[in-house]
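Take a look at this single chain in structure tokens; it is the form predicted on its own.
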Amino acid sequence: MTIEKIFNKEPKAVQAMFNLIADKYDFLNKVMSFGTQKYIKYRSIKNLNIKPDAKVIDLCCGTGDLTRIIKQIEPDADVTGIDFSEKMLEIALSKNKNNQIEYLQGDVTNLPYPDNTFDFAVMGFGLRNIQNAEKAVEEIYRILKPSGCFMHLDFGKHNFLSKIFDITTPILSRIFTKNYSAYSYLIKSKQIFPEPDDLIRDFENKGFKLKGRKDFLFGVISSQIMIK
């Protein structure tokens, strides 16, 4: 089972969807994760052991949670966030104190960087929304320096707790947003997303080697750390 076969997303439609839900995105993530999402993101970044002056890129950065956590953990890192939703980026920019983080709108399947540019690349809850996910992984591999590190964070095992999330998310989205159909899409994308073991094999097929894996909430969320 390859990444390519699992995704069939029209980029413009996905972009429009994230523009629609941008204003409620952070709030609903907090509610739907029962307040755990910031801790999970923090621990996932902390596990990377980012050094001062490292060049780090957050792909599908959304409202910039991971970029801000990177700066919190290592203030001297050179941090960039890229996303194709202009509304998400507007929020990220509004939270970018002292302009310490560079944000740009772009396509992660066609990154505007030379080979071997970054020490670290991170992506949280983004890969399953990319139509050509294989090309995105190839681009990540290309822009990383030799021995560079890729941290991928998303839903993990399709277990009992995961199914509870599938039930509660549509209910909460109907309560707190008018764009609940977008969250129905997100649940469907989660349900067909590969489990971590399958993802790791896909990443390895693109040249990466597994450095480590950390599961959260009994495996409902998983981060994989891959080395170029």
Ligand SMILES: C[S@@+](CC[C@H](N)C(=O)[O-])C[C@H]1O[C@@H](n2cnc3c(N)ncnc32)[C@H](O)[C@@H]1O
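Keep in mind the model is a prediction, meaning the values are calculated, not measured. The numbering used is simple: start at 1 and walk along the sequence shown.
This next part talks about the form predicted in complex with the named molecule, which is not shown.
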| property | result |
| --- | --- |
| Proximity of Ile130 to the named molecule in the predicted complex, heavy atoms at 4.5 Å | yes |
| The named molecule contact in the predicted complex: Asp107, any heavy atom under 4.5 Å | yes |
| Heavy atom of Val14 within 4.5 Å of the named molecule in the predicted complex | yes |
| Tyr25, heavy atom within 4.5 angstroms of the named molecule in the predicted complex | yes |
| Heavy atom distance at most 4.5 Å to the named molecule in the predicted complex, all of Phe120, His152 and Asp202 | no |
| Partner-facing stretch of 76 to 84, 140 to 148, 92 to 100, 112 to 120, counted where any non-hydrogen atom is within 4.5 angstroms of the named molecule in the predicted complex | 76 to 84 |
| Residues from 123 to 149 in contact with the named molecule (non-hydrogen atom within 4.5 Å) in the predicted complex | Gly124, Phe125, Gly126, Asn129, Ile130 |
